[in-house]
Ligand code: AGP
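Below, in structure tokens: the form predicted alone, a single chain.
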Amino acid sequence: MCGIVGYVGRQPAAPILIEGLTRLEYRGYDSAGISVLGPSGQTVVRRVGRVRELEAALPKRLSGTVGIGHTRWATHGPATEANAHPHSSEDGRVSVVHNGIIDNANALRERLTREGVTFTSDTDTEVLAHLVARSAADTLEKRVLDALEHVVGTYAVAVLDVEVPDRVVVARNGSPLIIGVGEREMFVASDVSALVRHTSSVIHLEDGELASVTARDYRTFTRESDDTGRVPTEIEVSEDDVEIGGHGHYMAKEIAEQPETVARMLRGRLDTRFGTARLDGLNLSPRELRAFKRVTILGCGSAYYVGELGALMIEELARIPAHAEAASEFRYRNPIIEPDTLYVAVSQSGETADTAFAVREIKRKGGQVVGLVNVVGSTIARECDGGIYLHAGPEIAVASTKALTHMGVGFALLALLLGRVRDLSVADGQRILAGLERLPADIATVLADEERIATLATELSAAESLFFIGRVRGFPVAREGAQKFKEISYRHAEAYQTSELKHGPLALIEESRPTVAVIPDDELTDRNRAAAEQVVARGGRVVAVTHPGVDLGGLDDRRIDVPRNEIELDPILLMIPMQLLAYHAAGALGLDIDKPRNLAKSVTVE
């Protein structure tokens, strides 16, 4: 979950590395460092804290046109300067930056210690620098290959060697790594956002693949092949896409973008004549879609919760059994992979390690898996049999907002398509399409009420603990609301099914523990309202997320009205106030909204 940047070219490397690390800071921000090769040798600078602390510590004249950089999310050892990357060999010749986890690091440390190596950090990464430096191979590329032969785990690595000052050697296994191709200069990064100012031409390395990168050329290879022949592809992300603009935080920007981005996602995907969705990227014919008898959705965190919403949509519209489960647990329970089940992997980044491993387990056992991902060319996108790109644009804030909304829309499209190849009528299909077309305007209506939502959020922020409750379609909304609130406000937030309150959680109701209740205008409105009234009767405060016209009785003073859409699509809209409540609660508490403590954006480790 760390950020890696590398540069080889004609320009001074340090400013390019710092700029790239700043753009990647959402991937890890407890420490940062760079290593630059110049006329006088190698200069390594590392600092605890944000990239700005590293930038302030750089020598005023740091020459050198080859370098690597890293911003860290700690896995081994606390945030200290000694644990910050890059890590170097004892003689200072080799420097390494690394994203991932080396599973056998302890065994390697013990072996190297017996051989006389003195370690200076607590990290797993340092073993790589020593292994590369101690290899007897005659080229840097072969020395990196030799070192990785001993490694078990996941990694994206970039390696410098003072004795080979014209290149960076990189390798990937389970963590993303990209090469950017420029004019007599080359770039390396763990995410395209670090490259967009310099190039739109990139190469995505595959697992088990390495590359030797110089200013004029690159070569991709494996242990078995001297040249795998990777060719560049064009990326669609622009520099403007990753700028914060006039917003105070990236999260605010990404929430505000949703009307526009959802409209873009739907463009060309709505077949109004036949009342269905166009999803050619699934690579599945109507006959193949109809043959599936079950759908299993796999995701982690918020992607798992929106997967629960997707399962409900599929059951309602397609009338086939569907369920969601945590991808992080999936492969460890030795799952039964059924040939007539459609598996759906959900991930904003397309690099979520737990979800990627689940995809591989399904493929290994002959299952059919498609992806809902936001990043073109990502690991999950490449490994799935087909999929639906979310087209939400870059998402920089750690807490996902617009990508989650796009996942909900993606599931609505998939549910509609599955329904129409079965028994869903043209009229019902056209009804869902009309609802989808209204979504951008409906989202804008929710956002227009931001000032009132911010007032309620400030009130909620004073509570040390909160409940979020919802029922059936509302329960995934409540789970996602609790997730957002705890992620960025650091308040304890627990989601319960409204029907389960009376089976235990009511014992915890008190005035200091408010409840956010999802009360849509549906067949369960009366029951949901009655449950909220039970909370009030026991001294609890309730904020109700509901629809206009719903009679809430004594709950009206703390209500958030969301436009009524089609009943199957309403949960997508009900999630929008949850984003605003979390954002403004964190703002009221003066917290770092885009970079919450202990978290990072792209979870590329188990």
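Heads up: residue numbers just count along the shown sequence, starting at 1. Bear in mind the structure is a predicted one, so any value in this text is a computation, not a measurement.
The form predicted together with 2-deoxy-2-amino glucitol-6-phosphate is left out here; the points below concern that form.
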Exactly one of Thr498, Ser378, Thr123, Ser400 comes within 4.5 Å of 2-deoxy-2-amino glucitol-6-phosphate in the predicted bound form through a heavy atom, and that residue is Ser400
Which one, Met407, Val518, Ala194, Val159, lies within 4.5 Å of 2-deoxy-2-amino glucitol-6-phosphate in the predicted bound form by heavy atoms? Met407
Does any part of Ala303 reach within 4.5 Å of 2-deoxy-2-amino glucitol-6-phosphate in the predicted bound form? Heavy atoms only, please. yes
Is it the case that Gln483, even though its partner is missing from this view, gets within 4.5 Å of 2-deoxy-2-amino glucitol-6-phosphate in the predicted bound form, heavy atoms only? yes
Test of understanding: in the predicted bound form, would Ser489 fall inside 4.5 Å of 2-deoxy-2-amino glucitol-6-phosphate by heavy atoms? no
For Thr261, is any heavy atom within 4.5 Å of 2-deoxy-2-amino glucitol-6-phosphate in the predicted bound form, or not? no
Which of 345-353, 435-443, 143-151, 281-289 sits within 4.5 Å of 2-deoxy-2-amino glucitol-6-phosphate in the predicted bound form, heavy atom basis: 345-353
